[in-house]
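In the form predicted alone, a lone chain appears below as structure tokens.
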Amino acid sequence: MSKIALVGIGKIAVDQHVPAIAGAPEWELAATVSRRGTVEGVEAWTGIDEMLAARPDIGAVSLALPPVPRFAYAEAALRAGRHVMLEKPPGATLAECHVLAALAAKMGVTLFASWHSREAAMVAPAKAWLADRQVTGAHITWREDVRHWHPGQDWVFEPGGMGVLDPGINALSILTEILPAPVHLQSALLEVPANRQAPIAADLAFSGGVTAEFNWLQTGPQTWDIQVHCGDDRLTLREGGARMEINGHDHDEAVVGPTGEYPRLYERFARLVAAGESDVDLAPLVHVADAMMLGARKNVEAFEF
């Protein structure tokens, strides 16, 4: 069992990272770093430099911070020779992700840019089903309630927060995993509240007949669907990849390995460390960056939590 430190003890850390590490036979949560949050029974620090200096026995660091401040923490951990796992998205910009990847290679440690939605139960079966088929089109419908998932978290609407493209990148991480050939963005419409900096809704159009609809104002049941057309055949991933339908009929397969997206992430991180490898796939972030560069902006009603 290897010791790991968790940095950023907020909602995603408490809901997902802490229980996933607790259930992982490969990892022991040995320390946390957070300005305010702590985990009961675990050594707590407020600064990463102090933790790294005091705990050379901790060989890995998982970062669950928002993307904008994350680079400095990742850089410090890598320079200290620690393996690093990044919560999605891996950074606020593509350039800083490339810097971190180069630094990890130089230091001889693992860097894992994790995409938790790729670990949903039916993503691998969907990829296998599509592998030898000709995709003729696809559509993403990703509608959720920002007030539920990010209550009072203004940073999601600030520069670098990505707005609705923060959950949208989960869908894009699945799309880029399952499609047998890459696509690129051709146009986008971003709806930005009058008092915010990042979009609350977005419509994207890609090459190959692929489209996406993201909205952060849906209440009640949430919608996380991806539909892929292959001529007359249709594959649909529902509930963020937890369920798969082929031509409208449920398609179930046995899931190998741990149950749950984050437990599978930590298992993969352990395998990467053991193999001396990194995984820094930036394809989903490329699509978000392209949307921010290419997208037309439409001002809409102000938003308050």
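Treat the numbers as computed from the prediction; the structure is a model and nothing was measured. One rule holds for the numbers: they count along the sequence shown, beginning at 1.
Although not depicted, the form predicted together with a further copy of the same chain is the subject of the following passage.
Colleague: What stretch, of 153 to 161, 119 to 127, 224 to 232, 210 to 218, brings heavy atoms to within 4.5 Å of a further copy of the same chain in the model of the complex?
Modeller: Stretch with heavy atoms near the partner: 153 to 161.
Colleague: Just to be sure I understand the contacts: of Ala138, Ala80, Ala92, Val109, which is the one whose heavy atoms reach within 4.5 angstroms of a further copy of the same chain in the model of the complex?
Modeller: Result of the distance check: Ala92.
Colleague: Which one of Leu175, Leu185, Ala113, Ile200 is close to a further copy of the same chain in the model of the complex, taking close to mean a heavy atom within 4.5 Å?
Modeller: Comparing distances to a further copy of the same chain in the model of the complex, the residue within 4.5 Å is Leu185.
Colleague: Does any heavy atom of Glu96 come within 4.5 Å of a heavy atom of a further copy of the same chain in the model of the complex?
Modeller: Yes, Glu96 is a contact residue.
Colleague: With a 4.5 Å heavy atom cut-off, would you call Leu294 a contact of a further copy of the same chain in the model of the complex?
Modeller: So Leu294 counts as contacting a further copy of the same chain.
Colleague: Does any heavy atom of Phe71 come within 4.5 Å of a heavy atom of a further copy of the same chain in the model of the complex?
Modeller: Answer yes; at least one heavy atom of Phe71 falls within 4.5 Å of a further copy of the same chain in the model of the complex.
Colleague: Would Asp290 show up as a contact with a further copy of the same chain in the model of the complex if we use heavy atoms at 4.5 Å?
Modeller: Asp290: yes, in contact with a further copy of the same chain in the model of the complex.
Colleague: Can you name the residues of 34 to 52 that have a heavy atom within 4.5 Å of a further copy of the same chain in the model of the complex?
Modeller: Nothing in the stretch sits within 4.5 Å of the partner.
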